[in-house]
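There is one chain below, alone, in structure tokens, taken in the form predicted on its own.
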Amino acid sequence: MDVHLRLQQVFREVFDDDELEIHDHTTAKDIPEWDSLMHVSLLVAIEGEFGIRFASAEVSGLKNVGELRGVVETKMG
């Protein structure tokens, strides 16, 4: 399964929405439940799914899901 599909599954689980579709341009503004607490939960879930750890500097300036996917792919090698 590719990174995008795995990320989409994590988003669906974290936001408890089996119909949620994410795209590279998706931002927190596009998902009403995506607040600062959910952001932390999302990052922890992504770390668990991919077996990676984020440094705060890596994720603090991310603008959208595409940039997040890029960081995940880089960390996975």
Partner chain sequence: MLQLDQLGFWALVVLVAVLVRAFGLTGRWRAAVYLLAAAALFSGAPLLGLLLLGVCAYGYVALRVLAGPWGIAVHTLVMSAAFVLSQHPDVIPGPQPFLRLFPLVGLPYVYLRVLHLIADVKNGVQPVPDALEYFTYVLPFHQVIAGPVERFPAFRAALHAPLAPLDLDTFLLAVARIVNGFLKKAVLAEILRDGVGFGFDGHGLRLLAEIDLHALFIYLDFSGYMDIVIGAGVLIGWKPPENFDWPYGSRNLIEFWTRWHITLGEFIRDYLFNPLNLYLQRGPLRGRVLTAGVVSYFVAMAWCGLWHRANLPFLLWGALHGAGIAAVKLWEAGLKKALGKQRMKQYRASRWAGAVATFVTFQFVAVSFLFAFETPARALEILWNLF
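Positions refer to the first chain, counted from 1. These figures come from a predicted structure and were not determined experimentally.
Below, we refer to the form predicted in complex with its partner chain, which is not included among the displayed structures.
* Asked: Quick one: is G51 in contact with its partner chain in the model of the complex, heavy atoms, 4.5 Å cut-off?
  -> Contact check for G51: no, nothing within 4.5 Å of its partner chain in the model of the complex.
* **Heavy atom of D24 within 4.5 Å of its partner chain in the model of the complex** => Result no; D24 lies far from its partner chain in the model of the complex.
* Does the 4.5 Å heavy atom contact test between E67 and its partner chain in the model of the complex come out positive? -> So E67 does not count as contacting its partner chain.
* Is there a non-hydrogen atom of E47 within 4.5 angstroms of a non-hydrogen atom of its partner chain in the model of the complex? -> Yes, E47 lies within 4.5 Å of its partner chain in the model of the complex.
* Of 25 to 44, which residues get within 4.5 Å of its partner chain in the model of the complex if you count heavy atoms? -> Read in sequence order, the residues that approach its partner chain (within 4.5 Å, in the model of the complex) are P32, E33, D35, S36, L37, M38, V40, S41, V44.
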